[in-house]
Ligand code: TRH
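For reference, the chain that follows is the form predicted alone, supplied as structure tokens.
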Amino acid sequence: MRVTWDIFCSVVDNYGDIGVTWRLARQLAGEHDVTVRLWLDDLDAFTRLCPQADRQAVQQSQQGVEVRQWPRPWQPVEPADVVIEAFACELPAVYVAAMAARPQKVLWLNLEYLSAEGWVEGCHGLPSLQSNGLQKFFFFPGFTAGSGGLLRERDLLDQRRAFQADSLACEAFLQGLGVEPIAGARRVSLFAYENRGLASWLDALAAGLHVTQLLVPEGRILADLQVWLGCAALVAGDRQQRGQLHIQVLPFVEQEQYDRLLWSCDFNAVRGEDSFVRAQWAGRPLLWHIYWQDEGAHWDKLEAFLALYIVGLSPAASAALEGLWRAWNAGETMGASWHAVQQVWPELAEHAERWCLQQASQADLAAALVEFYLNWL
């Protein structure tokens, strides 16, 4: 019999949690021949990522995954062989009791948030004994061999390289989004949280030596963009120009299309966790807007990643990249740090591809989860 997996996701913020679990569920089902149920408490958010889904359906099949509405109150079902609670969401008490009563053992995993912090390797894979006798294991995605790796489909990099080598495919994709590529322009994607530093970056782009085509998917950053432009509410399809800067608002797209948008750009500003990882697989320079946490905990995560990422860069390139990321995440003036990045652009571009290949040499998250289960049996 095929191994069964239950993935529970409580949608609490900005499509990041559901983005990760939806990608993971599809990869497990498509590449590892297992049966996956994805339990979601917000089907409205899910339909943004999977437009063909029915937001009213209690149960439906999408892309090889059984998508279930997380009922409140819980309706008892037979637990799966492997149970993942994503990002410390709380499983229904009735379901946990059924796990404990199941004749066959259940592997219970808490899939944690992504972090490059040094303590992750020491905690990855550790068990936590529960009061009912079950063990729950902590599983940490990460960037080093001692972590759980990153989400990466089996043929993702081959697809990306083929796409980036085919200028006609890239142009056709962009035109499908209503974008007319500007010859000779540097293409930049912008997907971020609200940021008071945006205006200074846009000023620098508008006054820059290069023509920049800025592609902005619908999201939270649009409010700040509207203020800088001094215009009414922006919607998908809107275009504006200020000096050297050409701006276009794009619709919120499915994950596969977003991947291709990242592949189509020379520089990607991303946020959170899911888009952050996908930008790394694009092999292009990037700017990460990390999710703000109480008491500045997000700065530790940002600095931990930077410490890994800058290895191999020259002092000038390291300083430029770190300066840009810190200014952006602090909401500070971006002009000087953006100018510094221009001086080392070729090195940053080469480094982005090298980092991508380095990360791809490690096991991906889905494969690591399957291997953990097999070793646990």
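One-based numbering along the sequence shown. Just so it is clear, the structure is predicted and the values come from calculations on it, not from any experiment.
Missing here is the form predicted in complex with this ligand; even so, the following discussion is about that form.
_Answer option from Tyr193, Phe173, Phe138, Trp74, heavy atom within 4.5 Å of this ligand in the model of the complex_ = After the contact test, the surviving option is Tyr193.
*asked:* To verify the annotation, which of these, Trp281, Phe305, Trp108, Tyr258, has a non-hydrogen atom within 4.5 Å of this ligand in the model of the complex?
replied: By the 4.5 Å criterion, the partner-contacting residue is Tyr258.
*Does the trio Tyr15, Tyr113 and Glu254 actually contact this ligand in the model of the complex, every residue with a heavy atom within 4.5 Å?*
Result yes, every residue of the spot touches this ligand.
*asked:* Only one of these stretches, 265 to 273, 197 to 205, 93 to 101, 239 to 247, has heavy atoms within 4.5 Å of this ligand in the model of the complex; which one is it?
replied: Result for this chain: 265 to 273.
*Would you please decide whether Gly149 lies within 4.5 angstroms of this ligand in the model of the complex, comparing each non-hydrogen atom pair?*
Heavy-atom contact with this ligand at 4.5 Å: absent for Gly149.
*Interface membership of Pro285, this ligand in the model of the complex, 4.5 Å heavy atom rule*: Contact with this ligand, no.
_Check Leu49 for me: does it contact this ligand in the model of the complex (non-hydrogen atoms, 4.5 angstroms)?_
Leu49: yes, in contact with this ligand in the model of the complex.
*Answer yes if any heavy atom of Pro217 is within 4.5 Å of a heavy atom of this ligand in the model of the complex; otherwise answer no.*
Pro217: contacts this ligand in the model of the complex.
_Need the contact residues for 290 to 321: heavy atom within 4.5 Å of this ligand in the model of the complex, sequence order, or none if there are none._
Just Tyr291.
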